[in-house]
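The data below hold one chain only, encoded as structure tokens and taken in the form predicted on its own.
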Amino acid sequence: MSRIVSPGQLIVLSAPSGGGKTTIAHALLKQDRNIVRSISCTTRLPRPGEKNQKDYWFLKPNQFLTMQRHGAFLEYAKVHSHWYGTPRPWVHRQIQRGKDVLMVIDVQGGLAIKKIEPQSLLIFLKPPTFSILKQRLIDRCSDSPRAIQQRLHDARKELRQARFYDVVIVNDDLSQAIREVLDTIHQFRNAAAHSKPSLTVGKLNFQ
């Protein structure tokens, strides 16, 4: 017997480096089994503890550019001197299966997705203050002082672009931020399941 499966939703989660998007993404996957994370391709080297095909597809630049030329990416962007891209076929298969696909990507990629998929949900995680963001980058001990300065420079630009996202959530208290992101996703999902009636949550309006 065949069964009708409602298509899943495309959800973008963005934040400046050190904004907590990876930690919150892991929590979402544990608490909601209908959410699957899109694994991006990247040309950067793995950080300690990261695994190929689990955290990212780690590619050589020539491999990435070949895939780019063949239209294999839903979106792609160069961030911090490295390429990142979302594999198109995998995302479409998950949505057809009724899964909500979570894309943890930068602002460039998020805004590109919104142009391609206007019905997607864009969530931006904002640090409580810029000084706290800087301290988070220092504390994670994964970047050189020069790299941290570059990430802070990029963060200023990303924070200015947050206004183009559907909803902005301040990641001050981690547990609270996780609850707010989950609530937003669930309301977005329910709105889509009921022919997208008007639903307002703070500054977020689902039509």
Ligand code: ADP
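All residue numbers refer to positions in the sequence shown, first residue = 1. Not measured: the values here are computed from a predicted model.
Note that the form predicted in complex with adenosine-5'-diphosphate (ADP) isn't included here; everything after this is about it.
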4.5 angstroms heavy atom contact with adenosine-5'-diphosphate (ADP) in the predicted bound form for residue 23: yes
In the predicted bound form, residue 134 touching adenosine-5'-diphosphate (ADP) (heavy atom, 4.5 Å): no
Proximity of residue 9 to adenosine-5'-diphosphate (ADP) in the predicted bound form, heavy atoms at 4.5 Å: no
4.5 angstroms heavy atom contact with adenosine-5'-diphosphate (ADP) in the predicted bound form for residue 147: no
Sole residue of 60, 160, 30, 140 within 4.5 Å of adenosine-5'-diphosphate (ADP) in the predicted bound form, by heavy atom: 140
Those residues of 148-175 which, in the predicted bound form, come within 4.5 Å of adenosine-5'-diphosphate (ADP) by heavy atom: 171, 172, 173, 174
